[in-house]
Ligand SMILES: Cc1ncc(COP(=O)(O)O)c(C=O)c1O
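For reference, the chain that follows is the form predicted alone, supplied as structure tokens.
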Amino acid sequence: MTATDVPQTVLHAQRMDSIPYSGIRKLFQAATAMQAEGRDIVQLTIGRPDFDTPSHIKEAAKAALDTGQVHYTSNFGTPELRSAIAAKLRNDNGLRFDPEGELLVVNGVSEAIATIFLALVGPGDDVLIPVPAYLNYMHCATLAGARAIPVPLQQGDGYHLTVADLEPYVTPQSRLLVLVSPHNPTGSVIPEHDMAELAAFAVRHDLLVVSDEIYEKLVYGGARHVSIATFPGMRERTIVVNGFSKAYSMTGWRVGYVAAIKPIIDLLVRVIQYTTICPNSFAQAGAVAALLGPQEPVAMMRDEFDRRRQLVAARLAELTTCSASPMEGAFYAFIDVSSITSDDSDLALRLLEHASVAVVPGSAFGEVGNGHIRVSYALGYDRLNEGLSRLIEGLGDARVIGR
């Protein structure tokens, strides 16, 4: 069947006119296609830990299957998982949320983003989104009928969001502020003093804050993760979003959670009831084991990411024409290549074709990201080193940079 065979009235909803395909997935799929043809491609694209899920987590999920935990759970998630999440938030973050009404388990952070926007904003509402950004925020806001307002982060400030960045963009229509710290794609971590000022800003302008803390366990050097929900007046206006994908290497399990006051959770769960109903039952059993079981695997993975981060910093120092972000958290380097190209998408394609290394163009994270590329170091040390060698060589290759 071709497009001409489909009735015009069902081709698409008008809202889809402004929703593009993911720029991240575009490069990943192109690289994967080359690999299927036998090309040796080093993938530095996807933000997916390369470690296996720790064995005790897998065993808990298997045990749940064996004991018949294969049915629908509560729309809010299992009581056991909500209780474990409440304990985690209390012990790790100094936050107290009632597992009976202030926690919601979801199918990963991506579902959390979409659910929050569908429940809380619509036409006439503005969502302030620091950019470059994981574009789910921009496009889910658009799908909800709201207006996504990009707030450019400053490279000279290490991509740390500040009140000065926000002031020109806040209006009476501003309803939500999105915070991602540690940050994708830049790897920045908002310092505590800046977070305190952002909290006061949110209170002053009566903003709700969506705080994406999925990378909280992956911080390095002197950086420290602090949740904005811990500051005065913020517990009531912060929607904490987190999950298991990054710290526990559980990307395929699709388990995340939202913590917020009960009136907000009551709105979110009504979206869940008419969309996905509940998360996977036995995956939730694995998530309980992740939180209550040994945490040494998390520390091991973090230390290995840190070792790779130091490798990336050392190798990128060989470049004289490009500079990278500070890499304080997560597992990304955001590299400024504006001195050698005005088209980062074309550069990424040329690196793939001529240097056999796959990176993500910065413009995949919004227009302000143009002139950059993102490198993920969620890859084995030796293979990462090989990919960096190809990247460095490629950035000096006339076929790649067009000189």
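The structure displayed is predicted, hence computed values, not measured ones. When you see a residue number, it is the position in the sequence shown, counting from 1.
There is another form of the same protein, the form predicted in complex with this ligand; it is not shown, and what comes next is about it.
- With this ligand left out here, work out from 238-246, 259-267, 123-131, 285-293 which stretch has heavy atoms within 4.5 Å of it in the predicted bound form. The contacting stretch here is 238-246.
- With the partner left out of view, is residue 115 within 4.5 angstroms of this ligand in the predicted bound form by any non-hydrogen atom? Judged by the heavy-atom cut-off of 4.5 Å, residue 115 is well away from this ligand in the predicted bound form.
- Is residue 155 a contact residue for this ligand in the predicted bound form, using a 4.5 Å heavy atom cut-off? The answer is no: residue 155 has no heavy atom within 4.5 Å of this ligand.
- Query: Hey, in the predicted bound form, does residue 47 get a heavy atom within 4.5 angstroms of this ligand?
  - Reply: Answer yes; at least one heavy atom of residue 47 falls within 4.5 Å of this ligand in the predicted bound form.
- Message: So, residue 216 and this ligand: in the predicted bound form, are they within 4.5 Å at any heavy atom pair?
- Response: Close contact is absent here: in the predicted bound form, residue 216 is far from this ligand, nothing within 4.5 Å, heavy atoms only.
- Which listed residue (297, 108, 326, 191) meets the criterion of a heavy atom within 4.5 Å of this ligand in the predicted bound form? In short, 108.
- Which one of 226, 103, 161, 180 is close to this ligand in the predicted bound form, taking close to mean a heavy atom within 4.5 Å? Only one listed residue qualifies here, and that residue is 180.
- Using a 4.5 Å cut-off on heavy atoms, which residues of 312-332 contact this ligand in the predicted bound form? Contacting residue: only 332.
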